[in-house]
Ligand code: UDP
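Take a look at this single chain in structure tokens; it is the form predicted alone.
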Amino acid sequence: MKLLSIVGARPQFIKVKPLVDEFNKKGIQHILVHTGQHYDYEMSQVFFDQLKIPLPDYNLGVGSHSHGKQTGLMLEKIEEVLLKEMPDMVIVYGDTNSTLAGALSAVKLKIPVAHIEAGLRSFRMDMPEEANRVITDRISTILFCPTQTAVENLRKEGITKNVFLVGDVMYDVFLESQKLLSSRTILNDLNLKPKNYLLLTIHRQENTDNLENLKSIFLALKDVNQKVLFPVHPRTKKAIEKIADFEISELKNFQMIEPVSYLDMLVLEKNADKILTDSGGIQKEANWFGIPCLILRNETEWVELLVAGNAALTGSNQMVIKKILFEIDGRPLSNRPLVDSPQASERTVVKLLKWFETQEHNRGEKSGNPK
């Protein structure tokens, strides 16, 4: 059996890590393809270094382009790899252009596709991530869901075959990483004290492409009496430079830094007083740490976070952000995972192996020689 994973963005490097470990434990041949969608050291290589992920067998070096051009380049280059390797299954992760390109390339060559983190929905087709999710789920052979809500979303779309609730593979990595955090020096390096700063991240197109939304978020935090630590995503950095009537340097309480590694980001999340983010992964990590989180969107794919009690939707509305910042202080906190048990990666691989066994059995029956 030969499996091939396609990744390209920092959340996908985290998601592939525990599955690589499981494949190694079970002696499964696994090919890792990196599209190069994220390519800076802090957005890519540092994840392989810190999480001890084997270097990719292929790095396609696609880089940054418009959505259409980037996806097209990926399709061309992924197809070349698939024709050379001819794996038994292609595994894609999440909702990026790398996800969609990997799934499309495989299905055109009649190679089965497994989708990790299937079934998530924002119900907004103007989001590139939503289009990637919906199309990928439609053409996938096996769908591994992180939450019951994701299973229900697929059921409502008529997708019920080979749908498995396995939990969140990112939670496996989160738990494993806790023992590594005490040796990190990021707080001292940035002169930060625990629970004495707000942590802000922005990278979604709805906030970076709409400069008024971006400006509104900044103004909401202009007068808070805490430091605002702001690791700046490359896309957001470019957007900030386009805001004509506003200088972010005017925000004296802001500390802008370059993107940080996965482990350092966990330390910053764990020690923040509150987190403001439009990232799906950071929303979840805030919940697991029990840190109040303001979700800078009008919806979330992880609706369970809102039920857990320490996350709230604010969008980019300046007044709503200010209001929720004040109100969220007194809320009871929860740090329960969205699916209560870890080992999502182990359950995923068990289901994969069972699927292959079933295929072998069915082929045997058709040939009159059952396995």
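We number the residues from 1 along the sequence you see. Because the structure is a prediction, the values reported are computed rather than measured.
Not on display, but discussed next: the form predicted in complex with the named molecule.
**Student:** Heavy atom within 4.5 Å of the named molecule in the predicted complex: which of 164, 171, 218, 262?
**Tutor:** Looking at the other structure, the residue within range turns out to be 262.
**Student:** Tell me, which of 77, 203, 270, 227 has a heavy atom within 4.5 angstroms of the named molecule in the predicted complex?
**Tutor:** When the named molecule is considered in the predicted complex, the option within 4.5 Å is 203.
**Student:** Would residue 58 count as touching the named molecule in the predicted complex under a 4.5 Å heavy atom rule?
**Tutor:** No, residue 58 sits far enough from the named molecule in the predicted complex that none of its heavy atoms falls within 4.5 Å.
**Student:** Wondering, does residue 137 line up within 4.5 Å of the named molecule in the predicted complex on heavy atoms?
**Tutor:** Output for residue 137 is no: heavy atoms all beyond 4.5 Å of the named molecule.
**Student:** Give a yes or no for residue 10: in the predicted complex, does one of its heavy atoms lie within 4.5 Å of a heavy atom belonging to the named molecule?
**Tutor:** Result yes; residue 10 sits at the interface with the named molecule in the predicted complex.
**Student:** With a 4.5 Å heavy atom cut-off, would you call residue 279 a contact of the named molecule in the predicted complex?
**Tutor:** Close contact exists here: in the predicted complex, residue 279 approaches the named molecule to within 4.5 Å, heavy atoms only.
**Student:** Using heavy atoms only and a 4.5 Å cut-off, decide whether all three of 23, 53 and 346 touch the named molecule in the predicted complex.
**Tutor:** So, no: the whole triplet misses the named molecule.
**Student:** Within 4.5 Å, heavy atoms only, one stretch in 145-153, 181-189, 203-211, 77-85 touches the named molecule in the predicted complex. Which?
**Tutor:** Only one stretch passes the 4.5 Å heavy-atom test: 203-211.
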